[in-house]
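This document starts with one chain, in the form predicted on its own, laid out as structure tokens.
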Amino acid sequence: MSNKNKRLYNSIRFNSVLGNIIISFLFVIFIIVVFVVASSFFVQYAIENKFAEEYDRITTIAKMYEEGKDSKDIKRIIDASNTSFIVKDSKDKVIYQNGENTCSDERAVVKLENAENEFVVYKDTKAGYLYPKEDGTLGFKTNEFIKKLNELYNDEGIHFSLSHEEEHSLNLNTGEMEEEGVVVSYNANEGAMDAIEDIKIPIWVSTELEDGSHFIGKALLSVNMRDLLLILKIIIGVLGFLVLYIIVMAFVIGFSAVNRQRIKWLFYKDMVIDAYNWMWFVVYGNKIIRKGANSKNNYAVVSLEFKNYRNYCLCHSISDGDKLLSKINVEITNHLMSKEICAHATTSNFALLLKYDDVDKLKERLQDLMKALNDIVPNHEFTFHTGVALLNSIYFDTLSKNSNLNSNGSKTNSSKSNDSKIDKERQNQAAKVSKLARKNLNIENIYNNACAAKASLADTDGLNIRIFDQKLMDEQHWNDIVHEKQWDALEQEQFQVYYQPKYDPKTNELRGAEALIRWLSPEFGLVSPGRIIPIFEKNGFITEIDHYMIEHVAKDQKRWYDQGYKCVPVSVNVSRAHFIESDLAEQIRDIIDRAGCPHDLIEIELTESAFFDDKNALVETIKRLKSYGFSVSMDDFGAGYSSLNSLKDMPLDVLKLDADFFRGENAGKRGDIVVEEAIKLAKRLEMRTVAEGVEEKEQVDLLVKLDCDMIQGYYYAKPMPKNEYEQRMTLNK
């Protein structure tokens, strides 16, 4: 799965519902925070104002006392103020008292948020709900306060309750009360709240007089019950809003979840056959194999291709072809067992994930499946190719083995104990790699192996199955190596030109040669063309090889020509991929001209398969090559389905008979007749003939009798390096 598709999948998987949940959660948190902050601000503001008012009142009385303590009139006014206070000297001895003295010795120094001065506060001994603490805060005994309220208003039909008894701290700096886990509630008769008066909470506040004594007055913080009721209503309103919002959001999220399922289905839906698509197979396939990686289950990843799809669409219609694919999908699905999946991967390919216990039984099961698929449409014979990649203990053992081999290439001449330690480290490393590989299994990679196995079936007919094995794995690894090293090999001229001579069977005289490529790799030694040319033809590098061979052959011919050797034409293969270029003849001419080689010493060799491409373009290229002085030959005549029309239309100079004419089933009397008639036909078309792959004396005698012009094969010589070929050449006399 590409990174782009992964991002798209994750956005569909999570964002549609999770986004709404996150937004709703953040909104609720925002409302709660705003409410708490506003409440804290309101409580802080109310407490500070009430405390400041009372402090100012106590301070005013203290000044009146200080100014008129000797005046009986002032003292009467103070006594009539209904304010309890005491005056203590510097030794903390009470020297004057007004009203009841309920001031305790517990005190604390507190400071309001918006005030610069500090205040000395004392607890009231009778109504000590509010009391000073050593940390400079005020403690509040909620349980005692609730009991007092119930005592005061029991007759009014009002009752307050507390979830559990606990003391709490009230911080005047922040206005917050620590009431975690405490719930205060009330119930009242209708109209009872009208009878409630303000509640006075006493606290004693000290102010210093000029003579050093302390005036300690009883401050009464007023709690307005209607204000409390308003706050309760606000809290209930906010909670009601939050509950309503949560209900609405639950509905929205539920709707989003349903919509998300629809979107997921569209994302996983194959629009052609209305079934699961490749993306679904990757997502759910990875979940299955990763979950079962450490279990005893063996899995097979299967690539099943309907080979006749395009032909069926041509004979019927694309719509009928799509309907047939849908039937195939239904038939495959009916053959699946629990925890097995199938999806439409590409045009006519289906991806399957199957469980199995025995490989032979798995093959039988797949054969039965393909036979059932073949019977979907009466009176039709279909071809299905199936590639299988097994995911079992052997697969993971191979991972461990490869890891062990790659961890260290060789052992040192250390002691046996050191060798044992190294081996143990390798085993541990291999185990870690295997464990990591199991955790990060990717079904796409395994499916690619299944496709590689299927591709090896090529154009075979019938119901075919190929299991991806070590041989195919080695082939893929080799393909990667060749692809990785091809450009370096070209630039470093690691590709070597080998020459295989062509002899006149009548005179045994050297009449020509064919240039063949070998890869002399510093790492792999001498690599034959059969191991690299098919890879180059698939990846397009073959055109670079064509230029390389033409250039090096032209340089060799030029050097031999200048040294006085009797040079003979050397044929160089040009791949069919090159003939899509309209200026191919000019490219070849320019390369040879740069080397300074005479044109008649180079023969351009085309494979028979090239004649099935654009015939007009091929004829035009051949004509231009001949006009530049090059001879042109057809290689492998008879290897495929040769067309006599090709011989009629193509102005060729040389016809090369394929080696299969002289070996295997084509040999014998019938083969001799075909060879004889092919040589006669070439002669009548004024073409020279070359028989390749000749290895026996009897074959040479026959070709002499049939008047074949040249023989190329092991009977005369194998392909050889240019220095050996040079020894077979003769100097001009």
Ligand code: C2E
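Residue indices: 1-based, along the sequence shown. Treat the numbers as computed from the prediction; the structure is a model and nothing was measured.
In what follows, reference is made to the form predicted together with the named molecule, a form of this protein that is not presented.
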Okay, which stretch from 444-452, 529-537, 467-475, 270-278 lines the named molecule in the model of the complex, with non-hydrogen atoms inside 4.5 Å?
529-537
Of these, 556, 635, 305, 603, which has a heavy atom no more than 4.5 Å from the named molecule in the model of the complex?
635
Scan 354, 517, 618, 203 and let me know which has any heavy atom within 4.5 Å of the named molecule in the model of the complex.
517
Residue 68 near the named molecule in the model of the complex, any heavy atom under 4.5 Å?
no
Can you tell me whether residue 671 touches the named molecule? I mean in the model of the complex, with a 4.5 angstroms heavy atom cut-off.
no
Counting only non-hydrogen atoms and a 4.5 angstroms cut-off, does residue 714 reach the named molecule in the model of the complex?
yes
How about residue 591 - does it come within 4.5 Å of the named molecule in the model of the complex, if we only consider non-hydrogen atoms?
no
Would you mind checking 685-703 for residues with a heavy atom within 4.5 Å of the named molecule in the model of the complex?
692, 693, 694, 695
